[in-house]
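First, one chain by itself in C-alpha cells, the form predicted on its own.
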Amino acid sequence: METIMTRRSFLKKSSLVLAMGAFSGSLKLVNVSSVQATANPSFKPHAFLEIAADNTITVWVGQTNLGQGTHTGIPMVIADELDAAWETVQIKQAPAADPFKDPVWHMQLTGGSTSIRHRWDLLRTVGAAARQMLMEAAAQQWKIPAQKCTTKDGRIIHPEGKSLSYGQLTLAAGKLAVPEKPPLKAPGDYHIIGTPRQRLDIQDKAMGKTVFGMDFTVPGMCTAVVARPPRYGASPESYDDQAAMAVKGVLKVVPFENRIAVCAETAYAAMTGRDALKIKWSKGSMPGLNDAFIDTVFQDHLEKKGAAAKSTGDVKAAFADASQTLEQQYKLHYISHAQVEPINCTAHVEKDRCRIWAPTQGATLAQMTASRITGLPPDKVRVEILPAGGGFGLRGEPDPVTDAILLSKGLDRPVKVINTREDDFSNDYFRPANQSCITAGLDREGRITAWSHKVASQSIMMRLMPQNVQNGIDPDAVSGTVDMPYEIPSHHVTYAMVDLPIQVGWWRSVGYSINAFIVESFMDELAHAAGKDPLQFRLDHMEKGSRAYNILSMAADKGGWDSPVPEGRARGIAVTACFESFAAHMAEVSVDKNGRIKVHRMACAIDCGTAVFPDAIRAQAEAGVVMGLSVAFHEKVSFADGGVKTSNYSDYRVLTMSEVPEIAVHIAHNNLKAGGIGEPVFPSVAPAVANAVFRATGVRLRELPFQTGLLAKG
C-alpha cells in the first residue's frame, strides 16, 4: 500500500500542478508545482490537476466511486476547459484531504448530487487557468504574445503551425503566476462536455480488476464481525466467550457497551465464533415496538399541532372562500438502503499514524472519527476511499470506521470489519417513514387557493446535525412540501417530529423521495376534483416558461401524453424540482382483473442544466426508474418485538428484471449551471405510476409500497 500516492509525493512531482482555494466565497487558484505539503497551512485548496512531462493528464477525484459516473464527468469538465486530448486523461482516487473538500459544505462528502454541481465553476476554472499558463509558457519560448497562440488536443499551436505539447511546457508553466480569472469557454466551444465518452472506470470493473471494500486485503489483517442488539436499546446480559474462542481461527472476543466483536483469521471463523457466543440480550428500550405500534404513533402525531415550516397567505380565509375542499392522508413505510455490497471498513492504527481503507461517502467524517478515537491529529489519519458497491447515503455513517479503529487499536494489527447481509438489514439507517395529511381548497375555476400540509416523520437532522433543526423543523423532512414547483396563494406546512428509537438516515433524494409521491399524488386528486386534465392542471399552477413547466411539457410531449392510449392502458404523470435540477416522469400501465399492475413504459425528462456526461445521465435516469418502481411495488421494512423483523432479500423484495419496463430518457439541452442527477431522477417515478393506476381503475393508491389488493376490490 506504500506505493499509493501521498500528498507530499504528489506535490513534489516534476509536473504542473494546480490547486484551488476558496476565500470568502470566491475562487482563487494557486500554483503549487514546487510547493511543499507543509506550506501555508491556512490555505484550503479544493481541486488538483496534474500534467506530466509525458503528456499524461491526471485528475485526482476526491469523490467516492459509487458507480454514478462522476469519475468520468469531473475529468470531462477540466479536460474541456484545458483543451486536452481525451485519450491522455486518467483519473486517480484522492484520499481524504483538505484539497478535495466540497467548496460549499467544506467537507469531503459524496452525496446530495453535488459532485459536479458544487464544483462547476471550480472545475472549469482549474482547466482554464492551466490552459492559459501553458499558452503563456509557449509564447515566452516563441517570443510572441500569448493571444496569438491557440490550443487543441493537448498542444499549443503557433500562428505559423508549429506546436508544443503540454508535457513539453510543464516546467516552464509551473514557474508562472496563476491567472485569477482565466477566461472560460463559451458553451458552444465545448468539445468534450456533452459528448459520448467511455467511462474511465468501466474497463477495470468489467474485467473484475476493481477492488471494492469487501475484496480489500492488507498484510497481517484479521477479520471482525460484530454482534449487535436485535432490539433497539438492548445490551448483552450474558454470553459465552469461551465457546467463541474455541472456534478455530478466532483470535479475540471484544465486548463493547452495547455490542460484541469477534476477531478471527477468516470471515468464516469470525461469523462462526459470533454464533457461538449465544448472547442473551436485554429487552431493550421499547420491546413492544412493531408495525402496528409504529402506525399508531404516526397517527397520533398527525393529530398534534406541529411546528410551522411554511406559512404564506391566509389559509384560513382561503378555505372559507373555497368552492370545494379536499382532504387526504398518505403513508410511506421505512425502507432500507439494500445496497449490494455490505458495509465494511479496514483500519490499521499504529503509534504515529492511522490508515483507513473504506468505501465511504464521508471521507472527512471517517478522518475526524479516527482522529477522535486515536488522539492523532487529522493529518496523521489517512483515509483511502475505495470504490463502493452501492451507497445511496448509507456509507456516510461512521459505525464501521469506529469499530475498525477500536479493534485495530486493541489488537495492534490491521482489522477489517464486515457486515453480513442480515447485519445490514437489521442495523440500517432507514429512510424515515412518513404519514401526511393534506387539505386543499379549489375556487370555482378549479384553481388551488389554499394548501395545508402536515408531515409526521422522524428527523435525520436531529441525529446528525441538530444545529440545522431550527424551531422544531427538520428541513429534510419537509423538502418537497415547502418548495413545490407550483404557485399557490395560501400555503401552510407543519411538521410533527416523531420520536422513535428506529435509526434513520439519508437515503437517495432524502425528503423529496418521500414528499414528491405525496404532493404529486394529491395534485392528481385535485385535478380530478376540478375536472381538469392532470397535465394541464399542473401547468396551470406553474410559471409559464419556467424550467419545471418546460420539463413537464417535455415529458408529456416525448411520452405521447395526448396520443391515443393502447387499449387496456392508462397514463400518469408527475414532476419534481430538486437538487438544482428538474425531472418529470410519464408512466403507461395496465391493471389486470386480479389487480396486478404492469408498467409498460416510462418516459423520463431531465433538465440538469449543462449535460456534462449524457451517457451517465441516461444511466442514472434509467436506474432512477428501476429504483423508483422497486420502492413503489415492493420495498418495506417490518418491525417486531422491539427491533427489525426484516432480515434479508428473502423478506425484502426488490424489482426484478422481468418487471422493468421500456424506459426512454430525454435530456433538455441548455447552457445553465450543471445541476444534480442521481437524486432528481427518482422522486416522480412512483406518483406517475399511481396516477396512471387511478386513470385505469378509479382507485387511488395512497401508500408505499402499493397496496394492490385494493385494486382487485375496486
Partner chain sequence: MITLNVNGKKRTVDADPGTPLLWVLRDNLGFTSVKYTCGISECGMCTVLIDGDAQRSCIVYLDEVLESEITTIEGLPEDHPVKVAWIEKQVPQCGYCQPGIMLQAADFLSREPNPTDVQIDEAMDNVICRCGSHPRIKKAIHLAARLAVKQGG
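All figures in this text were calculated on a predicted structure; none of them were measured in a lab. Numbering follows the first chain given and starts at 1.
The following text describes the form predicted together with the partner chain, which does not appear among the structures shown.
In short, of 278-286, 451-459, 350-358, 204-212 it is 204-212 that has heavy atoms within 4.5 Å of the partner chain in the predicted complex. Taking the partner from elsewhere, no residue among W142, C149 and L184 has a non-hydrogen atom within 4.5 angstroms of the partner chain in the predicted complex. The partner is absent here; in the predicted complex, the one residue of M627, A137, I518, I597 having a heavy atom within 4.5 Å of the partner chain is M627. E422 is the sole member of D321, D189, E422, E543 with a non-hydrogen atom lying within 4.5 angstroms of the partner chain in the predicted complex. Remark: A674 does not count among the residues lining the partner chain in the predicted complex, judged by a heavy atom distance of 4.5 Å or less. With a 4.5 Å cutoff on heavy atoms, A338 counts as touching the partner chain in the predicted complex. The partner chain in the predicted complex is approached by Y268, whose closest heavy atom lies within 4.5 angstroms of it. Residue contact with the partner chain in the predicted complex: G67 places a heavy atom within 4.5 Å of it. Counting a residue when any of its non-hydrogen atoms is within 4.5 Å of the partner chain in the predicted complex, there are no hits in 459-484.
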